[in-house]
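Before any questions on how it binds or moves, here is one chain, the form predicted on its own, in structure tokens.
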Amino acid sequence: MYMEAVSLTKKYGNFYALRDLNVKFEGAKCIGYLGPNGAGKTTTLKLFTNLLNPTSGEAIINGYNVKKELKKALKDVGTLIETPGFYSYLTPVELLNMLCEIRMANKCDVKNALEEVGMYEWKDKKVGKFSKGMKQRIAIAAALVTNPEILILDEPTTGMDPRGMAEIRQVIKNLKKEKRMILMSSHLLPEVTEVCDEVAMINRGKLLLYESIDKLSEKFRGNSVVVTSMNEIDEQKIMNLEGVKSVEKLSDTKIKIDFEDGAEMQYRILSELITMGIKVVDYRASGMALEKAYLQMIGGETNE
């Protein structure tokens, strides 16, 4: 299974919403499509689902050009683009059955789709009484009801409270176990780090980076750690350790240590702290690799 953009471009007058995108997403994994608002994320997903016509280039799914062979291209694709609306007086079962009839789907599995998103318990309740998070889970179920091998999700946690966001992230983690390809757009760095296996970064319609989270972590790994202890920490003693460049006291029991490059040095410092009698309860890298990559390549800009 794969999705490929070949010189994919979308232009409005003199403005490029997407410019000469060349990328191939392949295999069972979760790919985060990351960028600030207005970067071109939704435009890309709409081109792959035939909701927009490209100015030039091709969107290809499993060997089929989306524009020329729409039914074949989207045969095994489930989509959630922007926020769908539902008839409030229908139940989840009624909604999904109606969608299957509209799509004339042969392999429709309403029960399994609702179970995958944790909504089978509410299958006979009216959707109008659901929270936003519950409605979003129904929307994901609608994308899953034909058991697609590729799932396209456009910022699935947008506008939700922390609980709703956590619920949707857990749903996506569970879906990864089903050996599907999931392409998920987002502008939330922690969300992409937590859920995705790979990240493609886009800004102003141009692809800036496509890399696995693991390789990105290696490339942008920081050289500082934040240490939390049960007892008071003497930062002057820490300064005398080999490889330590600076120590910043954050509180009596928390410090930030900057050290010379290398995972081996990071491990050695932890060992030394424990030998010194410091009761370490938390020892973690300061800042995320994805955040460092984002700030280096995009900065704090938005395109609105």
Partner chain sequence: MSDLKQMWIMTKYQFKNYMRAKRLYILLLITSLVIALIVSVNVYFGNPSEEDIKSTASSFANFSEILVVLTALFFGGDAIAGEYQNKTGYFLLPNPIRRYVIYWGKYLASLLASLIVLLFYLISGMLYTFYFHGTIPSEYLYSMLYSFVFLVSLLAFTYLFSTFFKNGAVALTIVAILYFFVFNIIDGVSQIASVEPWFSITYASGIITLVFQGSYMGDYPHSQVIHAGKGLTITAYNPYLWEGVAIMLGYFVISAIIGTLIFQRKEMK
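Note that the coordinates shown come from a computational prediction; the quantities given were computed from them, not determined experimentally. Take the two forms, superpose them, and find the largest set of C-alpha atoms that agree within 1.5 Å; that set is the rigid core. Residue numbers count along the first chain shown, from 1.
One more form of this protein, predicted in complex with its partner chain, exists but is not displayed; see below.
Enquirer: Looking at N203, T79, T157, S229, which is the one with a non-hydrogen atom within 4.5 Å of its partner chain in the predicted bound form?
Expert: Exactly one residue meets the criterion: T79.
Enquirer: Could you spot which one of L189, L208, L99, C108 gets a heavy atom to within 4.5 Å of its partner chain in the predicted bound form?
Expert: Looking at L189, L208, L99, C108 one by one, just L99 meets the 4.5 Å heavy-atom criterion.
Enquirer: Flag this candidate site as yes only if L51, F86 and R103 all have a heavy atom within 4.5 Å of its partner chain in the predicted bound form; otherwise mark no.
Expert: Looking in the predicted bound form, the three residues L51, F86 and R103 all sit within 4.5 Å of its partner chain (heavy atoms).
Enquirer: Counting only non-hydrogen atoms and a 4.5 angstroms cut-off, does Y12 reach its partner chain in the predicted bound form?
Expert: Yes - in the predicted bound form, heavy atoms of Y12 and its partner chain come within 4.5 Å of each other.
Enquirer: Heavy atoms within 4.5 Å of its partner chain in the predicted bound form: does A166 have any?
Expert: Judged by the heavy-atom cut-off of 4.5 Å, A166 is well away from its partner chain in the predicted bound form.
Enquirer: Report whether the minimum heavy atom distance between L70 and its partner chain in the predicted bound form is within 4.5 Å.
Expert: Contact check for L70: yes, within 4.5 Å of its partner chain in the predicted bound form.
Enquirer: Is it the case that K41, even though its partner is missing from this view, gets within 4.5 Å of its partner chain in the predicted bound form, heavy atoms only?
Expert: Heavy-atom contact with its partner chain at 4.5 Å: absent for K41.
Enquirer: Can you tell me which of 189-197, 109-117, 87-95, 172-180 lies within 4.5 Å of its partner chain in the predicted bound form, counting heavy atoms only?
Expert: Heavy-atom contact with the partner occurs in 87-95.
Enquirer: Rigid core superposed, CA of L95 - does it shift 2 Å or more between this form and the one not shown?
Expert: Yes; that C-alpha moves by at least 2 Å between this form and the one not shown.
Enquirer: After the core is matched up, is the C-alpha of R180 off by 2 Å or more between this form and the one not shown?
Expert: R180 C-alpha, core-superposed: shift of less than 2 Å.
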